[in-house]
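What follows is a single chain, given as structure tokens, in the form predicted on its own.
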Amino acid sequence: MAKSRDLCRRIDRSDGFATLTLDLFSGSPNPNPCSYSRSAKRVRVSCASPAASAAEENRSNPFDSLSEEILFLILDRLESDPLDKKSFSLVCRSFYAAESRHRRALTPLRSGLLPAALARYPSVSRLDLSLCPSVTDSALASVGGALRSSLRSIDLSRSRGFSYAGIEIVAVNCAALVEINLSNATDLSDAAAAAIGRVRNLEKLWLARCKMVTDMGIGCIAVGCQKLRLLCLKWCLGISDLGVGLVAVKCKQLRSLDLSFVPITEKCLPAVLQLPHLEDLALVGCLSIDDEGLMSVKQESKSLQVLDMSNCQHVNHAGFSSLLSKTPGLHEISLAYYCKVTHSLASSLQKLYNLQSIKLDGCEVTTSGLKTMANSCRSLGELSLSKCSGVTDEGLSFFVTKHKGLVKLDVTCCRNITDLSLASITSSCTSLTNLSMESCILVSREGFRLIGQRCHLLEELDLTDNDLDDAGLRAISGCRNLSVLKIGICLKISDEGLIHVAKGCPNLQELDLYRSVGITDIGVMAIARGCPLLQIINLSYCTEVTDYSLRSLSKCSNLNTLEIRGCQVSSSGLAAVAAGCRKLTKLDIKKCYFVDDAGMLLLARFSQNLRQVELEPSEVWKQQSQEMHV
């Protein structure tokens, strides 16, 4: 504890905690406006009555002359940092009242805080309770009573403890409600679905993993919520063709429908495809749909733009081709972990003149299939071949020469491609903004240099687990727009290459150096100085990283995610990060054996936005765990 107090004193004396005074309305100049005074607090005792004191305060407070419109404009500029709004509200009573009326979104950490928070913020329209592990019916009753006319969106996707009664109170009282997220509410049944059916203006509803909801419950929703535009029924195992068909008949405004892993067959598809405004349809893992069923569907859907049929194991190219002939307006197709991509399957894409994106992750792709796809598609902007077997230099090179307008390309774990493919990619697709090449083990370090030399518009680049060296990083540093760089498990890079990145990529926001053991404090300090917008950094198992790196990263005020598992850091470095990075929400300090209670206490004091901490279990905890199992 003494060590903790000593660290606190050292932090409080640092320049980063100097108090800035802005005397906006003072008539006399302040000789030292940015000074930090340590004089003791003085208590002024007055014999005047409280009413007289309040009147005197109102007369002498220049901020009261500002209109609410001006105050709201100021608050609009403070949306990015909640601490700024808190400081604003503490200026005076009028600022406090204006901040109360201005806030529209609320994300409490505990449901016990709801009554006070709702009284403080009566105009909230978006209420996110997903961080509250337990939300009772009484808490929802307080929501229904306090936000009757203002509430438009409520998120209960990770909460427990409420029943249909609480949902019903909110549904009845909050007439303006248009969005409800009840994902993962595995205990909710048809009674809760019936309560949701009373929200007549509902437009978006998420019921993922609500496994006890059946056709009867979804029928109540379909009849009562006919303004629905988005409906997610993913993993709703109690729903069948009957319930989906009723939704399709009643909810004619649907734009997005997710039926992933729902036990439906092709019987409900005709009604679904007849929805006049349907744009996004997900049928991931619908194992009861097969070729014969898809070929029996006669209805067309000219409005459908996005189709996801990943992991539909009983559908082959015959059924898929038949469905594509009924959906000529498709823009995006996802067939991840699908059947073999052959010439026949690729030929079915010829009539999709608006197709822009194809995702074939985990499929077996033949060279003939890739060539046919290149000739069949006209204006592709995105191609994902992540973990696809069968991708060769011949097929990939042919494809990119035909589609020079590609902006996103993912060839993660395509282990058969070499420098020939990369040369074709970089020479043909110079407009690439996203390139993922994790674990392309046959591409040499010379090949990776072509990326920086030719693709100057890159914004996201993933070269994890490759033969990348400092010369490659030097070339990549020419990509001035780079915001995401993942170079974990690149054992040949060092501080020299990282210094080039720091100098050339000032817009970098995410950097992954996982297990890149050649990186030391020198490289991390260069990144901290050269990349002021940094938000996410992963230094896990970079064993040469110490407290010097953490002190430099403490200057990155936008940092929200820090992973330093297995690094040689201590409580002193952690304290610097806690004090400087007030937006930190995620922290991984597993296997950081020099971090003790003093560091954790300072973390609790300064990191008010922290949501997730990964810790190494202590010996005491391990012993108690073993005793419990015994």
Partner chain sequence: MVPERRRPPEASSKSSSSMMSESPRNRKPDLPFTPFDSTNLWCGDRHGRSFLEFSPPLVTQSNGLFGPDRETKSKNQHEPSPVDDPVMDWNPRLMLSNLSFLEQKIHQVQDIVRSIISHEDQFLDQANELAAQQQLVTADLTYIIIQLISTAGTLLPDIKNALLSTNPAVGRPGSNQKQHEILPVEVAKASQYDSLIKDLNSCGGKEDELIKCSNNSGVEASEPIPIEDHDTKDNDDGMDGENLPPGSYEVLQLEEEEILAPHTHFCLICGKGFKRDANLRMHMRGHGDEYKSPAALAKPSKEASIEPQPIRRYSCPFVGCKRNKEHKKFQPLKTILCVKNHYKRSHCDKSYTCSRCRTKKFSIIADLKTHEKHCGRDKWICSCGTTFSRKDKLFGHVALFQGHAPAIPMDDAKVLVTSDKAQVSEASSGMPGNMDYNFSGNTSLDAQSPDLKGVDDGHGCFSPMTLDACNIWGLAEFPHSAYEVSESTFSFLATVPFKGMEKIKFQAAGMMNCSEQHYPVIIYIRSNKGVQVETSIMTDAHARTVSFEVPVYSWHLNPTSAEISICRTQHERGKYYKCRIT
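In this text, all values refer to a predicted model and were calculated from it rather than measured experimentally. Numbering follows the first chain given and starts at 1.
The same protein has a further form, the form predicted together with the partner chain, not shown here; the description that follows concerns it.
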{"item": "Listed residue that, although the partner chain is not shown, lies within 4.5 Å of it in the model of the complex (heavy atoms), from M212, C232, L335, L118", "value": "M212"}
{"item": "The partner chain: the contacting residue among L83, V91, L242, I74 in the model of the complex [heavy atom, 4.5 Å]", "value": "L242"}
{"item": "K250, heavy atom within 4.5 angstroms of the partner chain in the model of the complex", "value": "yes"}
{"item": "Heavy atom of S163 within 4.5 Å of the partner chain in the model of the complex", "value": "yes"}
{"item": "Heavy atom of R551 within 4.5 Å of the partner chain in the model of the complex", "value": "no"}
{"item": "Any non-hydrogen atom of V223 within 4.5 angstroms of the partner chain in the model of the complex", "value": "yes"}
{"item": "Stretch in contact, per heavy atom within 4.5 angstroms of the partner chain in the model of the complex, of 506-514, 315-323, 467-475, 189-197", "value": "189-197"}
{"item": "4.5 Å heavy atom contact with the partner chain in the model of the complex for all of I169, M216 and L246", "value": "yes"}
{"item": "Interface residues of 102-138 toward the partner chain, as seen in the model of the complex [heavy atoms, 4.5 Å]", "value": "T136, D137, S138"}
